[in-house]
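Below you'll find only one chain, the form predicted alone, shown as structure tokens.
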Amino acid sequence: MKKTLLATAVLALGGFSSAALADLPVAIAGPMTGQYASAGDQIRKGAEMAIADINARGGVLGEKLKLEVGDDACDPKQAVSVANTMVNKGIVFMHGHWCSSSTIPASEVYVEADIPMATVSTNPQVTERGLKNIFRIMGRDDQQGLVAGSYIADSFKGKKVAVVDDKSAYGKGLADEMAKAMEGKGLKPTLREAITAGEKDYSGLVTKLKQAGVEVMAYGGYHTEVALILRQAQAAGLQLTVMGGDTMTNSELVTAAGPAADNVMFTFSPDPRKNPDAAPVVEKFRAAKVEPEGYVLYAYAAMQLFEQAATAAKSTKYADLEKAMRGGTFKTVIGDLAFDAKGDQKAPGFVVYRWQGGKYDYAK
């Protein structure tokens, strides 16, 4: 009603078209600045392409989508501020945040404002709190931790393994799950350590690893710290294999770690770039000089989810969108999406990858 009244008032004043007021605001949020900004850049590029494609098809229910971008820098307090800003902008859908430590507090703001959200955050608590507005388009840390820990136990028998995390909600949660899976297969970690993210000197950790004879590090955290640890391990003469999680998909790891990046393995969903149904979109990104790695296609898929749910519901009202998302199956560039009562994917999957020569592919 407010929108209609505003449009009428503007037209009465003359000189402005009401077309600009027909935009439907949707949003992304994540680390657009700071040490994890490359992940935010992936999310932005994916969402921008999706929205351009949706708008070229006529938009959603006759309205063109307008993208709002929130920068939380992976800081929980900033994430809450971003969420409140997005509520004030009247968004009808959020894809975000990226860090679980940001997604968890921000989601409390969105649920109060009746805004549905898709997220790639993997900490189980994202969906375990019973919020009805969250739809996770990736698996959970208790799923990828099981895959990663089991792989370590099966593939590195007789090796000494350390489990390390960065104390974040995502990092500690993932590391705990990897350790649990390893121990379930009879492999007890030689060391269990934690670091502080954002530091530049991890020589203390490297010394501990070397003295303990550790050859494999199961790591819960982000790619920036792994790159530093690998370089410092190499300088100390320690040959270290790292097993991480989904955040290791970032090619910035290769730039920062150099050849040592070839020692990094990680878990991630099956590569959507290999999905034949996604081929036209993948080609379009590459033609635009964007490699759709990491979270690019997930952001694209999130906007497809919104488009298809709104079309099925014939509405962008929260109650209608939530019902459509919970009850439907949606065809996206990352595969079919369907959600359980918690908002988790019904058929998530994780596989193990390895970096090699500046690219990642399934581990052999």
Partner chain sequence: MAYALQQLINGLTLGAMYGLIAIGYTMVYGIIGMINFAHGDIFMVSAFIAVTAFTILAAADVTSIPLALTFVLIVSIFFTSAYGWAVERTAYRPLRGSTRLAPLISAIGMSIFLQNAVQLTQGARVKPIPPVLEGGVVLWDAPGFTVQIGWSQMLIIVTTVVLMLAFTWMITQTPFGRQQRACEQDRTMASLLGVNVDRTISFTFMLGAALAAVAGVMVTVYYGVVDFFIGFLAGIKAFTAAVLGGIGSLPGAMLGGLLIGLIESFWAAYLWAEYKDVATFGILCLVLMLRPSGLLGRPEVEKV
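Just so it is clear, the model here is predicted, and its values are computed rather than measured. Numbering follows the first chain given and starts at 1.
The form predicted together with its partner chain exists for this protein as well; it is not shown, and the discussion that follows is about that form.
Of the candidate stretches 203 to 211, 115 to 123, 270 to 278, 153 to 161, only 203 to 211 has residues with heavy atoms within 4.5 Å of its partner chain in the predicted complex. In the predicted complex, at least one heavy atom of G198 sits within 4.5 Å of a heavy atom of its partner chain. Although the partner is absent from this view, S38 contacts its partner chain in the predicted complex, with a non-hydrogen atom inside 4.5 angstroms. In the predicted complex, its partner chain stays beyond 4.5 Å of every heavy atom belonging to K132. At the 4.5 Å threshold, heavy atoms of M32 reach its partner chain in the predicted complex. Proximity to its partner chain in the predicted complex, defined as a heavy atom within 4.5 Å, holds among V87, L228, V111, L146 only for L228. For the options S107, S101, T224, T127, the residue carrying a heavy atom within 4.5 angstroms of its partner chain in the predicted complex is T224.
Contacts of stretch 227 to 246 with its partner chain in the predicted complex, defined by any heavy atom lying within 4.5 Å, are made by L228, R231, Q232, A235, A236, G237, listed in sequence order.
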